[in-house]
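Coming up is one lone chain in structure tokens, specifically the form predicted on its own.
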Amino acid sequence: MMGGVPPPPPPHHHDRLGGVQAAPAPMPLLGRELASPPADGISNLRFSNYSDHLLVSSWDAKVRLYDASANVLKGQFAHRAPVLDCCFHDDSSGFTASTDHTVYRYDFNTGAEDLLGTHDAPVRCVEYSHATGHVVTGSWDKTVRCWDPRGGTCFGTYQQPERVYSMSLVGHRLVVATAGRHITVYDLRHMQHPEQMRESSLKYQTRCVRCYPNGTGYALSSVEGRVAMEFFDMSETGQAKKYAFKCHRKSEAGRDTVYPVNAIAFHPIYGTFATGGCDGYVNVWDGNNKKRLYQYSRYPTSVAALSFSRDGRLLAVASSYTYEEGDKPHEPDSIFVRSVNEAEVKPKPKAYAPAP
């Protein structure tokens, strides 16, 4: 938007993507704070596909399983080193990715832990594919590896152009985002040959990639307060749909402060999505209509990770300093679980001007 921008509407009203950052919302509760939070930076959190169980990985070298509805810590698994990512296998077991190069499966019911295998450098990302029954990991050793969790065997290693920073799965499709702004798209059934090798349309380092629930593309965020909406269809018509927008920025006295966008989470019912940034805000967007639907009250520190529950009724928010300004005193790491109001996430019908 160019100069002469009118003041933005109150945050509970929608505004155009890329508009001036609105003031914080009136102070609703940030959500229910979970008891027994991690003792160090939260690297990721994910809701189960079967219940309101929430799996959380942390730099304190632990993976925790919570019942988010009951606010109960159901169990924890101690690694030897910080855990950079986690994902569910079933409702009571999950996979972990650690800086000590290991990939583990842990069963919170039985306490059984199985080493799936190792990379040659810290493992940044782990995903479980319900479509294939395989585990996929991405590492700073510049590889993606596929594992059979039943036997703990690695059956494929795929070289990447750079260190893996973020990954996302939808159906049989895998999107890998690496350093150097590279994006590689795979079909999990034919990993030997990437479907697409692309470059991020954002000029700065990729922070997060998440596939659209409908499988048509992915959203990509950068350290420089922007999100790109991309599509797999490489035809001219398909690529005409893509766009990028500014977000998680603050304008004061003519100076713009720009924050990294750490997290993207899609609503499972409506396909709208939330973003979380180092400004401590969570914004909800309607990507199809290019509007912001909602901005929640500011969280105590950076929003490090986000996840909607399987039915979209809950949103888990990791309020956890991500060290973007180096080591300094900061608010304690905490997890908030908020009840989602339909008005915050449901797309608003387009208003059509009456025919003349």
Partner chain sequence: MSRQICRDFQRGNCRFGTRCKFLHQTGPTQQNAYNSGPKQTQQQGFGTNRFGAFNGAPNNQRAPQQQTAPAKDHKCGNPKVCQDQIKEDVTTEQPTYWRLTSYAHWKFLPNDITGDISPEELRALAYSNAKQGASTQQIIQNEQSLVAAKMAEFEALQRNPYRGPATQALGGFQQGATQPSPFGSSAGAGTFSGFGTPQNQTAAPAGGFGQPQTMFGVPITATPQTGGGFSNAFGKTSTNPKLSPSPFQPSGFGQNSQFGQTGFGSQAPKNIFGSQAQNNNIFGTQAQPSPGNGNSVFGGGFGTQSSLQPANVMNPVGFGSSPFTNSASFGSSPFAVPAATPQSSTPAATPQPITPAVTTPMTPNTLGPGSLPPHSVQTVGADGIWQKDTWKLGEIPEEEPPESVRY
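Residue numbers count along the first chain shown, from 1. Quantities reported herein were computed from a predicted structural model and do not represent experimental measurements.
Beyond what is shown, the protein has a form predicted in complex with its partner chain; the following relates to that form.
The stretch that touches its partner chain in the model of the complex, counting heavy atoms within 4.5 Å, is 293-301, out of 66-74, 310-318, 45-53, 293-301. Using a 4.5 Å cutoff between non-hydrogen atoms, residue 110 does not count as a contact of its partner chain in the model of the complex.
Contact check for residue 120: a non-hydrogen atom falls within 4.5 Å of its partner chain in the model of the complex. Heavy atoms of residue 78 never reach within 4.5 Å of its partner chain in the model of the complex, leaving it off the interface.
Remark: residue 179 counts among the residues lining its partner chain in the model of the complex, judged by a heavy atom distance of 4.5 Å or less.
A heavy atom within 4.5 Å of its partner chain in the model of the complex is found for one listed residue only; from 245, 128, 104, 270, this is 245. Residue in contact with its partner chain in the model of the complex (any heavy atom within 4.5 Å), chosen from 216, 153, 205, 132: 205.
Contacts between 238-268 and its partner chain, taken as any heavy atom within 4.5 Å in the model of the complex, involve 242, 243, 244, 245, 246, 247, 248, 249, 251, 254, 255, 256, 257, 258, 259, 260.
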